[in-house]
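In structure tokens, one chain follows: the form predicted on its own.
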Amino acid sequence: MADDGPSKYITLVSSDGFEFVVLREAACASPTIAGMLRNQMIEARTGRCSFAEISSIILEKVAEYLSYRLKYKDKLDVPDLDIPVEYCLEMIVAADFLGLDEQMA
């Protein structure tokens, strides 16, 4: 089988070992993840990005947000993304770490 370049999907791995498969295009909305997938970094070769500081509960919501963001890009009538109140502080910390807070402007 010929190597046609990087896979269309990547895997995000949480601190507790759970894996979330997302579209590469969606994941690259995060400057941190995009940087991990560049050049000769191990993540670029394996298509796996591990986050020792992000739990599965939060990384699942991050993966959901990344897909949501891609799906509704350039749309006007966008439904709310449900984030339970008890996750909000950890989501803000994860968004900051992943550079997603900068993308909101």
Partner chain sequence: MLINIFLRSRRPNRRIMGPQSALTDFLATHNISAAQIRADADARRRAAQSNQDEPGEEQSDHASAPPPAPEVTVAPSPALPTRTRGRAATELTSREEKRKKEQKVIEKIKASKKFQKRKRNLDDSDDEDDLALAIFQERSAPLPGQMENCAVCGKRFTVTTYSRSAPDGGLLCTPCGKELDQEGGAPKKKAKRASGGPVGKRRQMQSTILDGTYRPGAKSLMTLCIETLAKNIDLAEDLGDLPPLVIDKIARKLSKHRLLNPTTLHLFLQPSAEEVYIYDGAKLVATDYIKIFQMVPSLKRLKIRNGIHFKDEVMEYLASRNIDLEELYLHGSNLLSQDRWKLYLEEKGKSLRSLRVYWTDKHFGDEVLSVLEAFCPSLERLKVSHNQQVTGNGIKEIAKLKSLRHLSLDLRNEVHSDVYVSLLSEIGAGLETFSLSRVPDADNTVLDAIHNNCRSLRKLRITESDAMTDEGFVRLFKNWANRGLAFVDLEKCRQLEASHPRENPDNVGFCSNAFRTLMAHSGRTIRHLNVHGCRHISESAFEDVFAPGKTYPELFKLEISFCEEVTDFVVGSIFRSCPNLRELNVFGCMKVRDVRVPRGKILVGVPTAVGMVIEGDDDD
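Positions refer to the first chain, counted from 1. All values reported here derive from a predicted model rather than from experimental measurement.
The following text describes the form predicted together with its partner chain, which does not appear among the structures shown.
Task: is_contact(Ala52, its partner chain) in the predicted complex, heavy atom dist at most 4.5 Å - done: The answer is no: Ala52 has no heavy atom within 4.5 Å of its partner chain.
TODO: Find out whether any non-hydrogen atom of Arg69 is located within 4.5 angstroms of its partner chain in the predicted complex, and reply yes or no.
DONE: Answer yes; at least one heavy atom of Arg69 falls within 4.5 Å of its partner chain in the predicted complex.
Open item on the list: Is Leu23 part of the interface with its partner chain in the predicted complex - any heavy atom within 4.5 Å?
Closed with: Result no; Leu23 lies far from its partner chain in the predicted complex.
- [ ] Considering only heavy atoms, tell me if Ile42 and its partner chain come within 4.5 Å of each other in the predicted complex.
- [x] Contact check for Ile42: no, nothing within 4.5 Å of its partner chain in the predicted complex.
TODO: Answer yes or no: in the predicted complex, does its partner chain come within 4.5 Å of a heavy atom in every one of Asp77, Ile83 and Cys88?
DONE: Each of the three qualifies.
Task: Contact set, 27 to 61 vs its partner chain in the predicted complex - heavy atom within 4.5 angstroms - done: The stretch 27 to 61, when checked against its partner chain in the predicted complex, contributes no residue at the 4.5 Å heavy-atom cut-off.
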